[in-house]
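Coming up is one lone chain in structure tokens, specifically the form predicted on its own.
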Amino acid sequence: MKKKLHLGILGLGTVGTGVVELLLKRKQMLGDCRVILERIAVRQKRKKRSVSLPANLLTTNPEDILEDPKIDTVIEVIGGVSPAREIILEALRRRKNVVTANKALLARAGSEIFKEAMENDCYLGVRASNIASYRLIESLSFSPSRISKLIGVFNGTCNYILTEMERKGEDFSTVLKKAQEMGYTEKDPSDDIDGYDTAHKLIVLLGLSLGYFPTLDSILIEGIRRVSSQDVIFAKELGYRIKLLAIAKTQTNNLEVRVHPALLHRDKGLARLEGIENGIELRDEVGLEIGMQAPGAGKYPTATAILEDLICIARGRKLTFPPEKRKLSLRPMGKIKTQYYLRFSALDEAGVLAKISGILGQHGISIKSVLQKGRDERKAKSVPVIMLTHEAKEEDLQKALKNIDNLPVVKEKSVLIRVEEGIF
């Protein structure tokens, strides 16, 4: 007999509509599995939609899905933390499989949700929470080896903005407005451009691979608001591109987790990502390296990831939630070592460069290269001074910048962008 899945969908927005469209296009067949749409919970039944559905399929009450004994699988695409959390947990308690694209919820309550799925022997599908790595999620879940380094570009909006700033020399606010007009971000783009969307995705991957979900307030999260077109151009001259990166590294019992803009050598794999493309590179503790790239989240890429989870349910392939293999402690950001790109706006006077480099030297920070530009006529007598450092400790660098910013010859707050080594 062919396998059957009886489906309830929570939400019929962009992604929910994409799931329904793909299922109807395939005549509700996924390989040798028949998918039966039982109910779809929506906010408004009479809303005009791009997909035509029988009226009796729609309900405004999620309880109609939770209480229906025929429904064995629930897709949650309503987003947000509440009531999505309560609905998912109740579905799992009723022994219904759950597939969700909700990375914000998983980042905040992933440990609780995975535990509930395991205790009730249910499938929990999370591929759609991270399009950049959804084809790696199963291997992350089952791998006997732990990640030693993960680096990813997880937000298509930010990658589009940074790409356009480099291509056209336009400033951040101009390109952000274009991204909104093209539908690459919401009216309120804060989650994207302030790094939280990227952080959500990184935390979910760490939960899958390490059994550990760091809290949002325990990790460094910086967005791209302070990246200027100047920085993008100077980085290019130095042989780099700026990307918003998700970074995780493990060493013995320490875990390093951070999200921030970074310079990547332009020949590296992730540096070559253009527009809304996302990508991931990782190395495990035995040295195996793997990577992939995919379009940024959207209607059909996300819906396709959801369908892959449905196929896994039909084939009985459950993701596992790994217990922590070792007790992990988060490394404080101040103890992390990396290289740095620094931009100072300083008076065009003799001895300024010596003052800046002297303070850096006092804090044990050595300079790798210097790029000094002509005077910016809009800022009386000020000139941009760009430095690349050798590897230094974050807390030392921050102390040095505090002293440098107090110099009378420095006219604006200094800009810091970290420099990262990719895996490929």
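Residue indices: 1-based, along the sequence shown. Everything quoted here is computed from the prediction, not taken from an experiment. Take the two forms, superpose them, and find the largest set of C-alpha atoms that agree within 1.5 Å; that set is the rigid core.
Beyond the structure shown, there is the form predicted together with L-homoserine (HSE), which is absent from this document and is the topic of what follows.
S.K.: Using a 4.5 Å heavy atom cut-off, which residue among T304, S345, Q293, T185 comes into contact with L-homoserine (HSE) in the predicted complex?
M.R.: Exactly one listed residue reaches within 4.5 Å, namely T185.
S.K.: Out of R127, K103, K243, R258, which one falls within 4.5 Å of L-homoserine (HSE) in the predicted complex, going by heavy atoms?
M.R.: Contact with L-homoserine (HSE) in the predicted complex is made by K103 alone.
S.K.: Just to confirm the contact call: exactly one of 195 to 203, 348 to 356, 109 to 117, 170 to 178 touches L-homoserine (HSE) in the predicted complex at a 4.5 Å heavy atom cutoff, so which is it?
M.R.: Result of the contact check: 195 to 203.
S.K.: With a 4.5 Å heavy atom cut-off, would you call T157 a contact of L-homoserine (HSE) in the predicted complex?
M.R.: Result yes; T157 sits at the interface with L-homoserine (HSE) in the predicted complex.
S.K.: T338: with the rigid core matched between the shown form and the other one, does its Cα shift 2 Å or more?
M.R.: After core superposition, the displacement of the T338 C-alpha between the shown form and the other one stays below 2 Å, so no.
S.K.: Superpose on the rigid core, then tell me if the C-alpha of E186 is displaced by 2 angstroms or more between the shown form and the other one.
M.R.: Yes; E186 is a residue whose C-alpha shifts (by 2 Å or more) between the shown form and the other one when the cores are overlaid.
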